[in-house]
Every structure is written in structure tokens, then in C-alpha cells.
Ligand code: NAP
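The chain below stands alone, shown as C-alpha cells; this is the form predicted on its own.
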Amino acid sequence: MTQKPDLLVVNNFHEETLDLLDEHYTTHHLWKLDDTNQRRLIANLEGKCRAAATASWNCDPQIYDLQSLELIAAFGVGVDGIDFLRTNALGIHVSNTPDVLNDAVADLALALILATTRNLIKADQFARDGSWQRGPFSFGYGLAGKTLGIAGLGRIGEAIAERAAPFKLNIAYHNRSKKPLPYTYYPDLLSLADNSDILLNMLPGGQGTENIIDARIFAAIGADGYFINVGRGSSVDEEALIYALQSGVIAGAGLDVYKNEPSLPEGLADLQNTVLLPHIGSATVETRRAMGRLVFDNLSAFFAGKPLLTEVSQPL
């Protein structure tokens, strides 16, 4: 019988995918061990383990001590959990799972826009707790004729724009460069925010975008504007966001991502002009299964000596 290749599983990211990996590889689950045994495992795998599987948003830095490591197969699109300075220096390839989650995240973005502008979560509570019997629910805001500004018009951003257009939303965006698309382009975030009724963040994580959505951006959105985040929590100055929500600088926010997940910043959960979700943008059965399959397919290609299906271009 052919021996299964060794695979280091860094963390607990998706049960069905982990079961698939357990079936086809000799898996070593780093996340199940204490610190001492984690270090021992890394040492024991030296020279025989060439690949690791991990969540894209979180990766234990101990794995970079494994000198025989050649591939990190990441479950997720945003790879801000990967230390590219280390992978570049060590010659480690990285793969991720793009495209298969575009629809799920775009669907959720539209749901957050509607839930936030129409106050749907509070409306549900209003109907359930008997408040309706004492009078009508407060008005929300319509979407037709408003401008949705998308910060970071990548593949998911484009899928969101396609869904937003039938709601009669005007689409504007900011990217590092203009795209050949029929949407209004703004060369910087501040001008995009100043011309948007709803600002939606799709920016990637990393040092280049950390806290880039700050007090100036919220002031530009304005007292009748909304902020939606399905991108990365690290790109938002959360203290500035909370102040903007508390003081009426913006009307409300719909958030699926946060800087220090699963913890929320202090005071955010107490605000009534927010819709808060537990990072479920890609959390559908179909999408997570497809993401896991892409992790598996990248590993299969690697061990077969073939090109990776979705290798990440690693910034120097």
C-alpha cells in the first residue's frame, strides 16, 4: 500500500474539509496539542512533511520553523494570516480559495445593506415583542437612486455591484486603478465616501490598508449615510467607527468582520444603529464545501508535481 503523504493541519477551519484531508493524508493536527507537544511535532515532521493546510485568516507562525515546508494551502480568500515575508524568504508556495465564495459573500453584502437601511433586525423584534400593538414601526430608508460606493472593486465587489443594480442603486468605486466598467470611479477613498450614501468595504487586509477607513472617511459619509463591512476588520479604525455611530456622524453600520474576531470592540454591541453578524459571509454549506474542495485540489496538484490551481501572488 502506498503511504499517504504527511500533512500538517494548522488549525480547525472546516470540519468536512478536515475529514476529507484525514481520509487522504497522514494528518498531524497542530491545533489539538499543547505548546510543548506542538514544538515536538514540528521537530518530528522535519524532512518528511512538505505541506500544511490552514485557515487563511489565521496561521500559527511555528509552521515556518518546519524547513521542509513547501506549500501552505489556505482555506479562504484573504490571506492576511500568512506571513509573506517568511514564505518569500523560505520559498514556500501559498494557495487560497478564490471565486468559489463570490456569490455567498455578495448575497450577504446585499442582505446587510437591506437589513441596515430598513432596520430589519429591530423590525423583527418589534413584531415579536408586541410593540406593534402600541404603534407603527419607525421608517427606514429606500435604496432607489442612492449611491453605493464600493471600496475595493475586485471579483466579489463586482458581484455585489451586479446585485445592487436591480435595486436601482448607482454604483461608484475606488481601486488603485480604474476598471473598464460602467461605474463611477473615484481616485481616493475620501472622495468616494463623500459621494456615497452607503460605503461598502471590500478592501483586503494587511499593513497597506490597516485603519485606512478612519474618522475622516466616516465624516465624509455623513449623518444620513451607512457603512457596510464584509471585507476585513483590520482596515477599519473601530474606535472612530464607534464614535461615529454614537455621535450621529453616520446613520448606521452593518458589519460582518471585526479586527479581533471573535471579540467585538467594547461598546459596539450596545449600539442600536448597527447590524452585527459573526463573520458569515461565505458560511453556506455549498460555499464552504467548494472552498474545502479547492484546498484539497491544490494539495493534490502539489503532491502530483503539477501547477497549483490558485497560487497566491506573494508581495515582496
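Numbering starts at 1 and follows the sequence shown. Computed from a predicted structure; not experimentally measured.
The discussion below concerns the form predicted in complex with this ligand, not included here.
### Message
So, residue 230 and this ligand: in the predicted bound form, are they within 4.5 Å at any heavy atom pair?
### Response
The answer is yes: residue 230 has a heavy atom within 4.5 Å of this ligand.
### Task
Flag residue 252 as yes or no: does it have a non-hydrogen atom within 4.5 angstroms of any non-hydrogen atom of this ligand in the predicted bound form?
Looking in the predicted bound form, residue contacts with this ligand do not include residue 252, since no heavy atom lies within 4.5 Å.
### Query
Does residue 289 reach this ligand in the predicted bound form, with heavy atoms at most 4.5 Å apart?
No, no contact at 4.5 Å.
### Message
Would you classify residue 279 as touching this ligand in the predicted bound form, given a 4.5 Å non-hydrogen atom cut-off?
### Response
Yes, contact at 4.5 Å.
### Task
Could you tell me which stretch in 213-221, 163-171, 73-81, 122-130 has residues with non-hydrogen atoms within 4.5 Å of this ligand in the predicted bound form?
Of the stretches listed, the one contacting the partner is 73-81.
#### Entry: Among the candidates 191, 175, 147, 87, the residue which, in the predicted bound form, approaches this ligand to within 4.5 Å (heavy atoms)
Comparing distances to this ligand in the predicted bound form, the residue within 4.5 Å is 175.
#### Entry: Contact assignment for this ligand in the predicted bound form, among 113, 245, 92, 203, heavy atom within 4.5 Å
Residue within 4.5 Å of the partner: 203.
### Query
Can you name the residues of 140-159 that have a non-hydrogen atom within 4.5 angstroms of this ligand in the predicted bound form?
Heavy-atom contacts to this ligand in the predicted bound form: 152, 153, 154, 155, 156, 157.
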